[in-house]
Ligand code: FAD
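Here we start with a single chain on its own, the form predicted alone, put down as structure tokens.
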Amino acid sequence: MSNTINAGVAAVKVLEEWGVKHIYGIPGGSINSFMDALLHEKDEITYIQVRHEEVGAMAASMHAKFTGHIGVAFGSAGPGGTHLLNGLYDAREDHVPVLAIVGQFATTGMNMDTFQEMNENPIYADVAVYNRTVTTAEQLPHIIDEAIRQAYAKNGVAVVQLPVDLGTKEIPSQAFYSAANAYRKLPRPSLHFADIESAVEILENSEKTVIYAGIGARGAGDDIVALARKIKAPVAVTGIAYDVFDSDFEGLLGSANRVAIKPANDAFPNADTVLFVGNNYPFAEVTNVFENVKNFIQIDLNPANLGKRHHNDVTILGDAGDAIREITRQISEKAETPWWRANLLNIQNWRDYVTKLETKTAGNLQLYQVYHQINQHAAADAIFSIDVGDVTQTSVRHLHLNPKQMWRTSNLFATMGIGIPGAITAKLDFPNRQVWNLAGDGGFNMVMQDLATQVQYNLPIINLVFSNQQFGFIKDEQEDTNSGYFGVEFAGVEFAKIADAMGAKGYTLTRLADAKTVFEHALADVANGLTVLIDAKISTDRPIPVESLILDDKIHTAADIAAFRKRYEAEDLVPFADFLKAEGIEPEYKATDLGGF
């Protein structure tokens, strides 16, 4: 038995011991020693050859969001590595563990201004929680192991620069090991029951509570619903936490601001108490969403988030589920309240409105009817990889999600183009589940070359492109803030033809009457193992701006209200003030503030 091991192979074996199954990247001369190690270990780790390193890094980031496990991507020296940065920043902003391995010129040419050689370490200093250049072959497996431990411990990005010659050298086999078997998550902190009792006291005396849940509430959805029903408090969610709850829950307000629905924007100005659960809502201060709130209770597992978004009256450090269950155990059940009734009526009125849009059978094809077909054909445990733009906003309004499904996107960094890489990793990670990529044509244009990656690896994914030849989300912003539209419209592309040319099955949907048939054929193709693309040529209609509704005759003219209702097909949409007044509650009003956008 040899007492040495190739350093590159040792590094890959460290990845294996940490449970890495897939690695994304593109080869290059400066990373070829690592490629040789991947070839040696090809039966243990699957190399996914993407068409652009950015897609590889975004796939690694989305892998971490879908699974909680570290994602790994690599690129060669110079441009191969810098192409990774977009995906790495996505991981940094969403606090998920990702490892990037970046090639470097051989040590004999480092610091000599040789081809594609540069001081790479400072490039990644901002994005990474751990950032090292390997200087000896013996260090390589140790640094890879350390990088993974740091990425997990700090929920962030680790970057390792690897001079190509070091990966070819032999090192003592006994010197290499990983700490994977020692990895442990921190235990959940014990609850401070005095804090629980203080929260219960406030909630007992509150008349208009809103529970506001973020992604830290994942796994605690049923517990939050039980508390909501007990204390008659509707539940708002951040735009990235919709899959925590069943969309049919009668008290689900949805999210606030722009990537939002009407009931949440209506409720916050009128609430007297907010129970802020596992939430780091990034627009809190800049929109003054809580300006009318008298009592603020926060539950969070991360001490760094406590008091970050608003002054706390009660702070509970702990797991969301543990804290919610204990509050529910201690608190008295409330009889049905005017606040609860008004919000339930408002929620149902909104649902009636979107159902009307989704189930239209005549007129131009709109995004709403496309979502209706998605809902009709989505599996109960479907996975949705959502691109950034109008599709982010409209998916939270029109997808009928449940907690068995998964909905992921680029949350805080909000990079366009995340849909395809997310779908790739989702199908690799969960091969037996239905996977959708939902993207606008703006985002899809950025990464459509990697549709070929889906085909190459026989990934039966449903790619749905909402095509209307515009950056819709930005166009809507320009309508509100600019003197005219500029740079937000572009030439159309026949994506179905591109899909066919890449070996996928492409469909073009232009007529509402054909929607059901197109989806049925596409889903049959997916069932037969094909990669599918549906290019839905939708109208340019703006989705209703729930952040600036023109419905209430106290603050808008009759003419403005009539024009607004006509444009957004909102004839039956009722101002929340009407429901509040009917319950004897005087409405509060809040000026629209989009927080700098």
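Residue positions are given as counts along the sequence shown, with the first one as 1. A quick note: this is a predicted structure, and the numbers were derived from the prediction, not measured.
One more form of this protein, predicted in complex with this ligand, exists but is not displayed; see below.
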Let me know the one among N437, Q454, T209, T238 whose heavy atoms come within 4.5 Å of this ligand in the predicted bound form, would you? T238
Find the only residue in A180, M110, L301, L428 having a heavy atom within 4.5 Å of this ligand in the predicted bound form. L301
Based on heavy atom distances of at most 4.5 Å to this ligand in the predicted bound form, which listed stretch, 145-153, 411-419, 502-510, 355-363, is the contact stretch? 411-419
Tell me, yes or no, whether N343 is in contact with this ligand in the predicted bound form, where a contact means a heavy atom of each within 4.5 Å. no
Is N279 a contact residue for this ligand in the predicted bound form, using a 4.5 Å heavy atom cut-off? yes
Q373, heavy atom within 4.5 angstroms of this ligand in the predicted bound form: no
Evaluate D243 for contact with this ligand in the predicted bound form, applying a 4.5 angstroms cut-off between non-hydrogen atoms, and reply yes or no. no
If you apply a 4.5 angstroms heavy atom cut-off, which residues in 307-344 are near this ligand in the predicted bound form? G318, D319, A320
